[in-house]
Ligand code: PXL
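Here you get one chain, nothing else, as structure tokens; it is the form predicted alone.
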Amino acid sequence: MEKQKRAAAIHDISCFGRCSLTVALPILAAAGVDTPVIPTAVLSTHTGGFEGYTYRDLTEDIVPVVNHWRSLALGFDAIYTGFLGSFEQVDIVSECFDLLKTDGTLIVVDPVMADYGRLYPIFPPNFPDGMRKLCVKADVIVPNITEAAFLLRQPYHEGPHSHEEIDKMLRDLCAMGAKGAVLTGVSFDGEQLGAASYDTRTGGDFAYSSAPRIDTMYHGTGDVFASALVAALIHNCTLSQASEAAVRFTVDSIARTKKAGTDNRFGVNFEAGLSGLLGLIESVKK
């Protein structure tokens, strides 16, 4: 039997509202991946639409966890980061990459910090500068259109976008240092919505995956997408194949949730699709 893959997930825990670690851990586990976690903070709920949430910062625990792991000589096939709440955490996670990475470790950074043309309110205007330094160390980065604009210090404008615009944005993102980039929230006609990828390791291939736009918004869908993407990459999908699998898994989760009439703040019902995730990953390789 093949040795089980292992991916370290470095995210916050929002105890309610399906995002970050409560999304990453079950999705990667359903794909058969051993998923040790490093919680960066614990919140009673995520911050999108809920008031009065609790917040406990765990910055001081990150390096001790990593040092203990090093003392156990643990190896990792991937390290996957998401929401980081401060410049200090960005710097610490950058150090963790150096401490944990080996030659075969895939580093995936989801630079969670903005959407709909705006930084999240908790972040200062210069926060993208810190996140940019972390993205430089990544093998693959997974920004949405807004985050990409901030990373590239470019003006944001709503889609639909042209293929030329998206391709240039992807090339510029990889020029920062990442070997591959997946851009989410991509639409060329307003009717289809999905992701575009660019992989320098395969000669600079562009690929696009989309599905009919579903007229709704749920918190945590970016985490669902990125987690499914990481799961597919760990199972030896190419970047374009992994993006396709992640689009399908995320769209199915959104459609299922809208049909049920679930409160948008509660996240999407990805759980009902977990039993088919490995089959989906295998199907995109054919």
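Residue numbers here begin at 1 and follow the sequence given. Bear in mind the structure is a predicted one, so any value in this text is a computation, not a measurement.
Absent from the display: the form predicted in complex with the ligand. The rest refers to it.
Contact between V112 and the ligand in the model of the complex is found at the 4.5 Å heavy atom cutoff. Although the partner is absent from this view, P39 stays clear of the ligand in the model of the complex, with no non-hydrogen atom inside 4.5 angstroms. In the model of the complex, no heavy atom of V268 sits within 4.5 Å of the ligand. When the ligand is considered in the model of the complex, Q241 lies well away from it, no heavy atom lying within 4.5 Å.
Between 256 to 264, 25 to 33, 233 to 241, 47 to 55, the stretch whose residues reach within 4.5 angstroms of the ligand in the model of the complex through a non-hydrogen atom is 47 to 55.
Against the ligand in the model of the complex, the set D139, G180 and S197 makes no contact: no member has a heavy atom within 4.5 Å. Residues are counted as partner-facing when one of their heavy atoms sits within 4.5 Å of the ligand in the model of the complex; in 5 to 24 these are D12, S14, C19, S20, in sequence order.
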